[in-house]
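Below you'll find only one chain, the form predicted alone, shown as C-alpha cells.
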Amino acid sequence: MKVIYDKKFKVYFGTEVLGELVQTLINKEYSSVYILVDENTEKYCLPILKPYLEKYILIRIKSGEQNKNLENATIIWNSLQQNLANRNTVLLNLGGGTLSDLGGFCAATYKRGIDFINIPTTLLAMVDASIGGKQGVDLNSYKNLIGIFKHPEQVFIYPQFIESLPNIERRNGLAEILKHALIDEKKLFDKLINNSQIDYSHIEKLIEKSTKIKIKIVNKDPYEKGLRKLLNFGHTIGHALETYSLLNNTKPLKHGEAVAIGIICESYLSYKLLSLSLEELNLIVQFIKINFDKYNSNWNVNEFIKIMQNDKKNNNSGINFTLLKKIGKAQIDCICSTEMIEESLNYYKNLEF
C-alpha cells in the first residue's frame, strides 16, 4: 500500500487499502456509516468491501451521468435524515465519478457538512473525480452547474475494482490520463503512445502517475482561479458534447468518450491558434482513434454552441479554452471564435476511424 498524498487529506493506493479504511473508521469513531452505491457497485464492489465493515446503512441510486441531479441528491438527503444521521456520520462513496460528485455534494451540504470518504471503483474516478475536491450536480443536463469545493476526508484507491469494469468504462478513465499527460508531462504521453493498446490489468503505474499530476495542480490552485484551469483541456467541447448527447441521444456519450472528442477538437484549435505542431496533433488523434469509437451524431452546431456559451468556465470575453502549446505544455484562458469552434468540430467529423 502507498500513500500518494497526505496533506489536506490522504490518498491511499494499493491492494491493502480496505484494511486501512477500517482503521480510519475506528480512529474517527463515527456514530454511523452510510455507503452510497449504484446497481453496478452494489453487485460487483460492495461484496469486496462488506467483509471489512460490521455495520452500515446502504443508500442506492441509479448509475449514469443523467442521474447526477437534484432529485437524487434529495433521495440521499432524505435517507440521511430519516435514519437520524448526525454531524458525526460518514458517507462512503463507493462508485465512479457520478457517485463521487453527487455523494460529496450531499455530504458537504447535509447539516452544513458531514465527512465523506471516496472509494473510486472506475478508472475515471480513480484519476479524476475522487481527488479534485469538486462536488456537484447537473442542472437540466448542463454539467456541474450546482456545486462546491470540498475535499473528502480520505480517498482509498483499490485498483482491483477495475477488473469488474467493461471496456467502455475503462476507456472513460483513459481519456483523463491522456489529458494529464498532454497538459503536464510529455514522458507520460510517450509511454501511452508506445503502448497504444493499453493493458488494463497492469495499469497501476499509470493510475498513480496521473493521480499525482492532478493533485499537484489542484494543490497549487484549489479554487480554479488560474493554474487549475489547465485541467479543463478537452472539457470545454467535451462537456458540451456530453450535455448535447444527454439531451439528444438515447444512448448518451460517456464522460471519457466526450472528453476524447474534446481533446481532438481542442488539439486542432491548439494547432490552428497556438504552436502545437501538425505532427503532435496527428499523434494525439492516432492514439484516440486506436482506443475510442467514432461518434457519428449529426449535431446541430447552433444548439451545440449555445450549450458551450452556458459553460461555467466562460467570462465576458467569450468561450474560454485551455489549449496546448506543445505536448506537455498548456495555456489557459484562450478565447476562440464560434467559427473556429465549428471548424474544429468539422475536423473531427471528417476523421476516418
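In case it trips you up, residue 1 is the first one in the sequence shown, and so on. Quick caveat, the model's predicted, so the values are computed rather than measured.
Below, we refer to the form predicted in complex with a small molecule, which is not included among the displayed structures.
J.: Between the small molecule and C45, D128 and E169, in the predicted complex, does every residue show a non-hydrogen atom at 4.5 Å or closer?
T.: Each of the three qualifies.
J.: In the predicted complex, is there a heavy atom of the small molecule that lies within 4.5 Å of any heavy atom of S63, even though the partner is absent here?
T.: Looking in the predicted complex, residue contacts with the small molecule include S63, since a heavy atom lies within 4.5 Å.
J.: Going by a heavy atom distance of 4.5 Å, is E176 a contact of the small molecule in the predicted complex?
T.: Yes, E176 is a contact residue.
J.: Might N93 be said to contact the small molecule in the predicted complex, defining contact as any heavy atom within 4.5 Å?
T.: N93: no, not in contact with the small molecule in the predicted complex.
J.: Taking the shortest heavy atom distance, is E266 within 4.5 Å of the small molecule in the predicted complex?
T.: Answer no; every heavy atom of E266 is more than 4.5 Å from the small molecule in the predicted complex.
J.: Have a look at 273 to 281, 159 to 167, 199 to 207, 69 to 77 and name the one stretch with heavy atoms inside 4.5 Å of the small molecule in the predicted complex.
T.: Residues of 159 to 167 come within 4.5 Å of the partner.
J.: In the predicted complex, which of the listed residues (N219, N248, N144, T109) lies with a heavy atom within 4.5 Å of the small molecule?
T.: Spelling it out, the residue with a heavy atom inside the cut-off is N144.
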